[in-house]
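Just one chain follows, in the form predicted alone, and it is written as structure tokens.
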């Protein structure tokens, strides 16, 4: 039997000739502008997380060094974070431009760092919600071809699926149309980026990157949320909050993101949607969203406000100890074990004992690093930690080989560089430490180790 080729991604430019108005409107939306190569950033001098910075000529300067602003992520509706590239590896800069406040400040997660750290790797899972047609290099944690992504922003194919076959024969090869999908598959199109939960656990043998519009996300991953959710908002908590609303719960699956949002034109419908069910408004000129979907500050990102999609009313929060549950379906012992472990919750231990299958994700949490590397030979955590075990047993050659492999996957792993330098001759150790500082010049530990070799 002859098999047809699988559809592949071809880019939004292929869609434009047949859909010119949609393409022109969508190109102006925040989603279409959520990533790209930096052309200019605001200059300025500022203090973030007790560190002094200066931005000039698309470069970031600080006491220990400097770095390029190479790529941005974020539409700049609320703000933008920035990435720098070195030897093809992508890392996040520790500062963000917050558009609403019109100021620079520490990026989320860097607010309390004692040193200026430039070694946070940007892996494909993170980048995929901001850019399209990524080009990651297999066997590395955060290395990409040049350019790291072929298309800026969120492309047409992220919501409609790979378009090669549709472009070849539009009459017989239809793309996914979210509006015509069953409710769970329809909602998954938005949830692939706008649902994060407290933890996202890939199913055994599956990868989140396998998702294509028209699929259920639940066949690939389990999203875990708190059974008794907190009242605060996070930047990407829209889906979880909407699920708490009585409007969605009573809609029978009819209410979705697209009920209010026209993603092609970045138009948000408000009062007219509410009046389809609530036919008697409080007042002729009142905007329902002002009171029932207020904009509120977030708990995880400074200087940001988001709309409360829970459509808050007079509802009591259930009492009891917080517990993780699946956002959809049920969570097995393995999902709960990995979810609690990701949150550093001690409840992970009991679930890990019962987790099945005991695959690489579980074995990593059980510190069985050799078993992990049999199926994931580039797992940096397993490589670094197994190297420590070998070095402690006097197997320095084996340890060095593992740490070198880790640094091939990501050359800015501080522990691997320090460990490898410690067991290397002084001349080689200097080379190792100096190379690390080209990625993360603010590392106090590496600078101290280099000084001790002089």
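For clarity, every value in this text was computed on a predicted model and none was experimentally measured. Positions refer to the first chain, counted from 1.
Here the subject shifts to the form predicted together with a small molecule, a form of this protein not shown in this document.
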**Complete:** Assert contact_stretch over 225-233, 335-343, 350-358, 151-159 against the small molecule in the predicted bound form, heavy atom within 4.5 Å, equals 151-159
**Prompt:** Might residue 170 be said to contact the small molecule in the predicted bound form, defining contact as any heavy atom within 4.5 Å?
**Reply:** yes
**Request:** Answer for residue 133 alone: is it within 4.5 Å of the small molecule in the predicted bound form, judged on heavy atom distances?
**Result:** no
**Prompt:** Is there a heavy atom of residue 264 no more than 4.5 Å from a heavy atom of the small molecule in the predicted bound form?
**Reply:** yes
**Message:** Please determine whether residue 112 contacts the small molecule in the predicted bound form, using a 4.5 Å cut-off between heavy atoms.
**Reply:** no
**Item:** Residue (of 381, 258, 368, 218) lying close to the small molecule in the predicted bound form, criterion heavy atoms within 4.5 Å
**Value:** 258
**Item:** Answer option from 373, 126, 325, 137, heavy atom within 4.5 Å of the small molecule in the predicted bound form
**Value:** 126
**Message:** For a quick test of understanding: in the predicted bound form, does each of 199, 362 and 364 have a heavy atom within 4.5 Å of the small molecule?
**Reply:** no
**Message:** Closer or farther: the C-alpha atoms of residue 160 and residue 236 in the predicted bound form, versus the form shown, with a change of 3 angstroms or more?
**Reply:** farther
**Fill in**
Under comparison with the form shown, the C-alpha atoms of residue 343 and residue 235 in the predicted bound form shift by 3 angstroms or more, placing them closer
